[in-house]
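This document starts with one chain, in the form predicted on its own, laid out as structure tokens.
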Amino acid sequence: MISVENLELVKEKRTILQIEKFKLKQGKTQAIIGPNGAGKSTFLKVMALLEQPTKGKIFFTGTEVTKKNMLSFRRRMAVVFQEPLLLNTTVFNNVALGLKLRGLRGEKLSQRVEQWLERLNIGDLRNRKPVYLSGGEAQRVSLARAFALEPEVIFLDEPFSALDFATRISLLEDLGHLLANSGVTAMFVTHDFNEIPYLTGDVVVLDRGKLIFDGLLKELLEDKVQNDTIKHLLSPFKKFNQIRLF
């Protein structure tokens, strides 16, 4: 779906990303995990065409991304960030915003918005303003706004990290169901291995801007990959599941 070759991003003489090859597989959800400062969110922004790499090529469905076609490709994507970026208007209007910018009006607009409000279980919040929403409700609005665009690719940048445990699990379960049944391609950035099984079995690990693993979560859980960074990231996951089993 989206692939990169010889990708490099340098800021203030510091190399943030250095990735020889990577492909976001069509119709799949791929989790991106790594320690703090690994370049996860920056990598997501580059893949989402929100940040320009210093070197390298990006391809969307086999076509190289250039300045001329970048905007048209970007319109086929949606991004959900860690903090919901909601306007001081109703939930309905927040979800409708992107659709209006793309020219949708009238009954078609209303039907699309209502559809995604219901699918994210926030139909009863349609007339509420963001100041009266909980963190989980606000993030559901943000997700509804992104999915309402019916993108080919959706990027999720640690959208659950600020939520309490029960809210996070509920939202992960609903999002996992949506991704599994929508056919959309997704890149999901997280710092917590516990979130990954709800959404996918495909994992990419970044460390200091480099891709150190691209494969199945199952391989990591079976200790088939011997790497200190991966062991460190997996440690809380294994402890949590031992406690849960106990």
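None of these values were measured; they are calculated from a predicted model. Numbering starts at 1 and follows the sequence shown.
Although it is not shown, the form predicted together with a small molecule is what the next lines describe.
A.B. asks: Heavy atom within 4.5 Å of the small molecule in the predicted bound form: which of 41, 200, 194, 182 fits that? Just give me the one.
C.D. replies: When the small molecule is considered in the predicted bound form, the option within 4.5 Å is 41.
A.B. asks: So which of 21, 25, 232, 11 gets a non-hydrogen atom within 4.5 Å of the small molecule in the predicted bound form?
C.D. replies: The residue from 21, 25, 232, 11 that makes the contact is 11.
A.B. asks: Are any of the heavy atoms in residue 215 no more than 4.5 Å from a heavy atom of the small molecule in the predicted bound form?
C.D. replies: Residue 215: no, not in contact with the small molecule in the predicted bound form.
A.B. asks: Indicate whether residue 158 is a 4.5 Å heavy atom neighbour of the small molecule in the predicted bound form.
C.D. replies: Result yes; residue 158 sits at the interface with the small molecule in the predicted bound form.
A.B. asks: With the partner removed from view, which of 66-74, 173-181, 53-61, 31-39 is the stretch that lies within 4.5 Å of the small molecule in the predicted bound form, judged by heavy atom distances?
C.D. replies: Within 4.5 Å of the partner lies stretch 31-39.
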